[in-house]
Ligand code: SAH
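To begin, one chain is listed below as structure tokens, in the form predicted on its own.
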């Protein structure tokens, strides 16, 4: 696979860019793509914002709070222009795609906005920084097949396998800002995975808005991960996010059969009420979801299941919400990302009547969080006494004499160690647990 053709305008002098990332793992992967693109085009990354000639915010639009955070950061950082007039500030990513043009027209303080499918134009934008502020719209055919990402993690890597989404869940902005689904060629994905492994990133996560719908020529998602799991340079293979409507029996078989494919799946539920799922346009009901959980646990009894949940979706009654709590108790998710419903412009749900009052959304969200904390603590404490294999990623936040990493089933574990353990698989026994961490003792 070829790297980019370095015909982009090169900076006339050494220029530094500072990149700040918000949002999901897809945004993290996009930032690695941007860093690789700019590094190969003559720009230098800096972690010191005071040194930056260009400040770039890679943004998220899933919830209003995410956009508000970036708007606050832009407001703060544009003051730097008073002391550094040549400084340029830009936004990229989902928020840039959604409201970038509006922000430029409103003189919000940004100099450029590039949507998620126009990162290839970034070197040209930076080479013309003295021109008026500008915005570039979506290129729905882009898959960035000729750009080498620069992985920032020292031990773990993210590899995008597809871009966009065709599901159009009624609450979700993603298809409106990331476009329709398109899958990357298998050879490019295989190259990225093998290359990341050769650079020491042994724990690889495949990314897509709906990885289950990956399809390139004769290769579907089960075939893809079965082939990737045979790559010798990696130790573990993960993937997010799976959509329940597309989770196949063949995928479950491949997961169960391959020792490299981690025994963890993130399977967003969103609501425990079939009536609400229908209004969300999720295309499955609760019976189907619970059947999938049964199949997963039958094939892999130790599998960890994590999920996403929304509290206070339009027209959600107390009875609907209680159904969600009931499913949480039945399934016993290892972890759940819980959110209150957030209206997103251009989505169908934003126009629904019977919007749930904010106070009720917050109340339900807290009840949901409290229940999941109880369940998660119980799931983690159930690991006490078991032997686990931990992939060491970092030093512990609390002690430089300890290291942290993830188990096969995506639980954070801490044990004695040092930086020389980074990137290694270490056997350990769980001796205690909190609701977010396994405390382990290294085994011989």
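Computed from a predicted structure; not experimentally measured. Residue numbers count along the first chain shown, from 1.
Just so you know, the form predicted together with S-adenosyl-L-homocysteine exists too; it's not on screen, but the next bit is about it.
K.L.:
Of these, 379, 45, 63, 69, which has a heavy atom no more than 4.5 Å from S-adenosyl-L-homocysteine in the model of the complex?
P.N.:
Exactly one listed residue reaches within 4.5 Å, namely 63.
K.L.:
Name the single residue among 123, 157, 90, 268 that comes within 4.5 Å of S-adenosyl-L-homocysteine in the model of the complex, judging by heavy atoms.
P.N.:
Here the answer is residue option 268.
K.L.:
Looking at 321 to 329, 194 to 202, 220 to 228, 305 to 313, which lies within 4.5 angstroms of S-adenosyl-L-homocysteine in the model of the complex, counting heavy atoms?
P.N.:
Stretch 305 to 313 is the one.
K.L.:
Taking heavy atoms only, is residue 241 within 4.5 angstroms of S-adenosyl-L-homocysteine in the model of the complex?
P.N.:
Residue 241: yes, in contact with S-adenosyl-L-homocysteine in the model of the complex.
K.L.:
With a 4.5 Å heavy atom cut-off, would you call residue 356 a contact of S-adenosyl-L-homocysteine in the model of the complex?
P.N.:
Looking in the model of the complex, residue contacts with S-adenosyl-L-homocysteine do not include residue 356, since no heavy atom lies within 4.5 Å.
K.L.:
Given that S-adenosyl-L-homocysteine is not shown alongside this chain, does residue 339 nevertheless sit within 4.5 Å of it in the model of the complex, heavy atom to heavy atom?
P.N.:
Flag for residue 339 set to yes.
K.L.:
If we define contact as a non-hydrogen atom of the residue within 4.5 angstroms of the partner, is residue 163 a contact of S-adenosyl-L-homocysteine in the model of the complex?
P.N.:
Although S-adenosyl-L-homocysteine is absent here, residue 163 would stay clear of it in the model of the complex, with no heavy atoms inside 4.5 Å.
K.L.:
S-adenosyl-L-homocysteine is absent from this chain, but in the model of the complex, do 172, 282 and 344 each have a non-hydrogen atom within 4.5 Å of it?
P.N.:
Result yes, every residue of the spot touches S-adenosyl-L-homocysteine.
K.L.:
Check each residue of 195 to 232 against S-adenosyl-L-homocysteine in the model of the complex and list those with a heavy atom within 4.5 Å, in sequence order.
P.N.:
Sequence-ordered list has one entry, 209.
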